[in-house]
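Listed next as structure tokens: two forms of one protein chain, kept apart as structure 1 and structure 2.
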Structure 1
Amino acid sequence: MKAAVMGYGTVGRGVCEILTEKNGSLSAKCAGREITLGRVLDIRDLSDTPVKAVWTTQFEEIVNDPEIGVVVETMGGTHPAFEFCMRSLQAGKSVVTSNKQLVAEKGEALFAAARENNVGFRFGAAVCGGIPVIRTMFYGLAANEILSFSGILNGTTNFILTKMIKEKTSFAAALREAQEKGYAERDPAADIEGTDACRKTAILASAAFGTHIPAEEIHTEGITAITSEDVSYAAGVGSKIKLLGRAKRLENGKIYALVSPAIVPDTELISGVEGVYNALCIHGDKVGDILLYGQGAGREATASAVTADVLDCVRNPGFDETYSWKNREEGRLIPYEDMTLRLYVRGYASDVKTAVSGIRETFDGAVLLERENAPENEIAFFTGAAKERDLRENISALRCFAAASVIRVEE
């Protein structure tokens, strides 16, 4: 069988190298069924690259080639990636993608086409790169009901926060370094505003709970408002600030999903994940907590996951109902404000004595926090546990106090 790769960027190039260099060992893992590189689609001139013999700029050469059984999409974006993937599935070819945006936004339609044409549609590399989180949810934890997950799903933001925590740099300085090292794009909005983590959370929630969770319905906050003051207060109580994507299945079957910064105690394993690494903690009803950790991006790690999906499609070319989810169910996702939690609050008082008195009266179980060199009028505290909606209303109503930072506490 031949495979076609659409997009000869960082990941696509890595997939081509693996398919070419490891042809023999990959075929052995497919019970002797040979898998070779048939076509590479890219609008750029690849005549001076290792794939020049199979390079094409015409998608028709892929979709009309009966020897190509698997199409790999590493183009990114939704157009023309979606159209090309749909036509490939409709032509009876399995599709493998590393495109998180495509899966999050168009997964329902692609599953339907794959099911109708009895071909594979796989996307293990779309979340956490080389870490087999999707495979674990669909197969490794098949005997479990997944009750919740929480994870560091974006390496760029984790690098920035790690710099702010360990080296006490500002957000702006940490972002500049991330860009200089190539971890952040020139326009880093998708990372620092949480969009990337949101798409991954939507995919993970859909896989975990068996129903499509639209990314646009998940409340998302990035890390642009995190300050060195917040980092210092968190450290003072043995915690770190992380950007987390999390979701939970409630007892009534409803689903809670959220992407936002969170204060994570150092006693939690995920608190120690630093730099550009990703980690995902999954809680199953039988297995309890498991932690998956590793490189969430990069050419080799992501290409490895893509190629593993290609091999699955060669071994099992038909549609795998286990590796899918149902269409969106109206009303399944609850408003994030309805969840009970604690909040960290930092702000400034026009009258410290009155503000502190009001905090103690308003929030049952409130804990005042301290840090070195804090201005006299700066106050930081943890609220007690209550519904987020009520907590935020009470924060807004405090006398002589204006909140500057509000961060959820992970427990």
Structure 2
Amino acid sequence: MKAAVMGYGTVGRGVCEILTEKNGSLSAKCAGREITLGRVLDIRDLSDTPVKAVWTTQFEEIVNDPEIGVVVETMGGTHPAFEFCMRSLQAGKSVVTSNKQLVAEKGEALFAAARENNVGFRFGAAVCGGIPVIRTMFYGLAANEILSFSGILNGTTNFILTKMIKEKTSFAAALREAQEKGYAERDPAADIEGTDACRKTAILASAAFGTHIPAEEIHTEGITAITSEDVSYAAGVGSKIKLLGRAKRLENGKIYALVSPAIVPDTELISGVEGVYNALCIHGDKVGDILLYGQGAGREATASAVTADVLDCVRNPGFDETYSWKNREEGRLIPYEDMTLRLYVRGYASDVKTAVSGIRETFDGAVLLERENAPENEIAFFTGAAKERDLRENISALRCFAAASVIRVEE
């Protein structure tokens, strides 16, 4: 069987390299069925690259080639990626993509087309780069009800936070380095504002709970408001700030999902996940907690996941119902503010004594925090546990105090 790769960017190039270099060993893993690189689609000039012999700028040369059985989409974005994937599925070709935006936004339509044409549609590389999180949820944990997951799903932001915490690098310099290393999205706002982690959370929640969870329904906050003051207060209580994507199935069947920075105690394994590495903790009703860890971005790691999906399509070219979810159900997500949690709050007091006594009176179990060289009017504290909506109302109502930063505490 031949594979076509659409998009010769960071990931596409990695897939071409693996398919070419490992050709023999990959075929051996498909019961001897050969898998070769048939076409590479890109509007850029590839005449000076190792794939020049199979380069095309015409999608028609892929969709009309009967020898091509698997189409790999590593273009990014939804147009024309969606149209090309749909036409490939309709032409009886399996599709493998690393494109989380495509899966998060168009998953329902792509599953329907794959099901109708009895071909594969796989996207293991769309979440956590090289870590096999999707296949773990669909296959490895098949005996479980997945009750919750929580993870570091974006390598760029974890790389930036690690550089800021360990090397005191500025936000801008750390982001530039992430871009140079090929970790960041084409528009890095998607990384730092949490959109990328939100799409991944939506895909994971859909896989975990079996129903399409739209990314736009998940409340999302990025890392752009994190300051060195917050990093210091977190360090003072043996914790780090991480951007987390998490979701939970409640006893009444409703789903809670959220993407935001969180203060994570160093006693949690996830707190030690540094640089471009991602980690996902999944809680299943039978298996308990499992933790998956590895490189969440980068050419070879992501291409590794794409290639594994290509091999699945060679071995099992038909549609796999286990590797899918049902269409969106109205009212499955609860408002994020209904969840009970603790908040970290940092702000400034016009009258410190009044503000502190207000904090103590208002928040049962409040803990005041300290850091070196804090201005006299700066106050930071943890609230006790209560509904997020109530906590936020109470923070706004504090006398002589204006909050500058509010971060959730991961328990």
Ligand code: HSE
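Each residue is numbered by where it sits in the sequence of structure 1, with counting from 1. Remember, it's a predicted structure, so these values are computed and weren't measured experimentally. Take the two forms, superpose them, and find the largest set of C-alpha atoms that agree within 1.5 Å; that set is the rigid core.
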Pair member that is the form predicted together with L-homoserine (HSE): 2
Thr136: Cα shift of 2 Å or greater between structure 1 and structure 2 (core-aligned): no
Core superposition between structure 1 and structure 2, C-alpha change of Glu217 at least 2 Å: no
Is_shifted Lys168 between structure 1 and structure 2 (CA, 2 Å cut-off, rigid core): yes
Cα displacement of Pro188 between structure 1 and structure 2, once the rigid core is superposed (Å): 2.4
